[in-house]
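Heads up, the chain below is alone and in the form predicted on its own; it's given as structure tokens.
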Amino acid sequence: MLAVRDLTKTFPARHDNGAVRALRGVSFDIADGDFFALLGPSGCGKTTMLQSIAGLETPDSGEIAMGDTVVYASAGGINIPANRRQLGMVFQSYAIWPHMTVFDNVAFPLAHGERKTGKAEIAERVKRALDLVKLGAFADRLAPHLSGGQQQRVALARALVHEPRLLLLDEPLSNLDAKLRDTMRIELRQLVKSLGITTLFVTHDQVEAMGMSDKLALMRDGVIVQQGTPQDIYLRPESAFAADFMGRSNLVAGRVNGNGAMVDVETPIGTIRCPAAATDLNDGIVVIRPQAVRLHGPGIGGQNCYAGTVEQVSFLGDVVEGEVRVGAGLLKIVVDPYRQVAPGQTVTVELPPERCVLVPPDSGSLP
């Protein structure tokens, strides 16, 4: 449904700051009806990408196509204005007009859009949009008299009222408190999936990206470093950056020995047996999720088993987090709250080879 090809964008130098290469030849596809997330830290280029797709920013080169329609192409001099791209967009700040009622806010794209819409049709479509977001009873209320969650729903209804072919979401949950954000994350995904609307969601929150998207692209310094399903990227990161950004990880550097399907990595905690990387490595980083670590009683031997001592424990209710000293290294662990773990306890740490991922050393940011 959406195809982005080799998109580039550089912002010129300002004052004492050099030019910023926000996008460096970015390409990706979103299938019809998919919920796709662009994820990455601040300054990685995800918002510039979203604004380029929306027509609010003009790239330097590349191509953007929505279905069979090319909306931007540097080679052909094509740049369709934002109001003709048939998009719905929810901004981070919601952009709700405080002097208007809920009805008037939602009706705005129909009343002032390029296509003339009669009053009766506007009333019907606004009612349908408000019912979708469970705000049918709030049509006459002024926007400032709504809660944060209700304002977010108004912004979503306004984006959906003209039946867009692509919905763009720019961190729409970031202004909500934690509990409401969890609720709205579920409701928002269920709503757009039930409507079959192709959705592009921009966020820096990996929990939101993993919990809402069918597929996601992880960005860094203007490029996509990995894309796939949330499970693929979480369990099989291709870089230390991806592993570290997509949740907590133990990143254990070491020297790689062997060149078969399985290799041995000499590390400060001992020799770790793990699947080989796609390319030959002399040095690498073993990625081990805290949840991947198995704890046993002392004195147990076997492959990837090491003697350790529990150094600290934090009881968080649904899980217990801790750190175990193994050799010259320290491993983060997560266990269920019914497991008795205490500082000073002697344990055996098992790192199942299939749960260990070998990635290349992090080369740092792009120039």
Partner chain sequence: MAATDRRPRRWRVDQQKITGIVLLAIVGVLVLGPLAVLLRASVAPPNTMPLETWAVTFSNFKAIFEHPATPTIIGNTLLYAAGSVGIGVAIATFIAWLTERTDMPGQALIRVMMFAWMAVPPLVIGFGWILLINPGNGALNVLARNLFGVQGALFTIYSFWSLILITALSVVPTAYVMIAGLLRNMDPQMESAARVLGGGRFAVARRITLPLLTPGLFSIGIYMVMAVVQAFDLPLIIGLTAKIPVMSTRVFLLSVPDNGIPNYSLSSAFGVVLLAIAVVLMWLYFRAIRTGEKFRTVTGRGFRPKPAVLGALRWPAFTAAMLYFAIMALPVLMLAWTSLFPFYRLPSLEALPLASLANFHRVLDSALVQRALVNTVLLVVLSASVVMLLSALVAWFSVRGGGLLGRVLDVMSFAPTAVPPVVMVMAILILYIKTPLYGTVWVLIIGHLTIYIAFGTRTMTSALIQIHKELGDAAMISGASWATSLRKVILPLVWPQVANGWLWVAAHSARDLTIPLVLMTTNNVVIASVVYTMWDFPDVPGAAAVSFLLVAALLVVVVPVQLLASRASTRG
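Worth saying up front: this structure is predicted, and the values here are computed from it rather than measured. Positions refer to the first chain, counted from 1.
FYI, the form predicted in complex with its partner chain isn't displayed, but the following is about it.
Judged against its partner chain in the predicted complex with a 4.5 angstroms heavy atom cut-off, the residues 83, 89 and 158 are in contact without exception.
Only one segment in the set 286 to 294, 181 to 189, 133 to 141, 109 to 117 has residues whose heavy atoms sit within 4.5 Å of its partner chain in the predicted complex; it is 109 to 117. The closest heavy atom approach of residue 258 to its partner chain in the predicted complex falls outside 4.5 Å. In the predicted complex, residue 234 stays away from its partner chain, with no heavy atom inside 4.5 Å. None of the heavy atoms of residue 195 is located within 4.5 Å of its partner chain in the predicted complex. Proximity of residue 93 to its partner chain in the predicted complex: non-hydrogen atoms within 4.5 Å are present. This chain appears without its partner; in the predicted complex, the one residue of 56, 310, 307, 319 with a heavy atom within 4.5 Å of its partner chain is 56. With the partner omitted here, the residue from 273, 165, 204, 215 that has a non-hydrogen atom within 4.5 angstroms of its partner chain in the predicted complex is 165.
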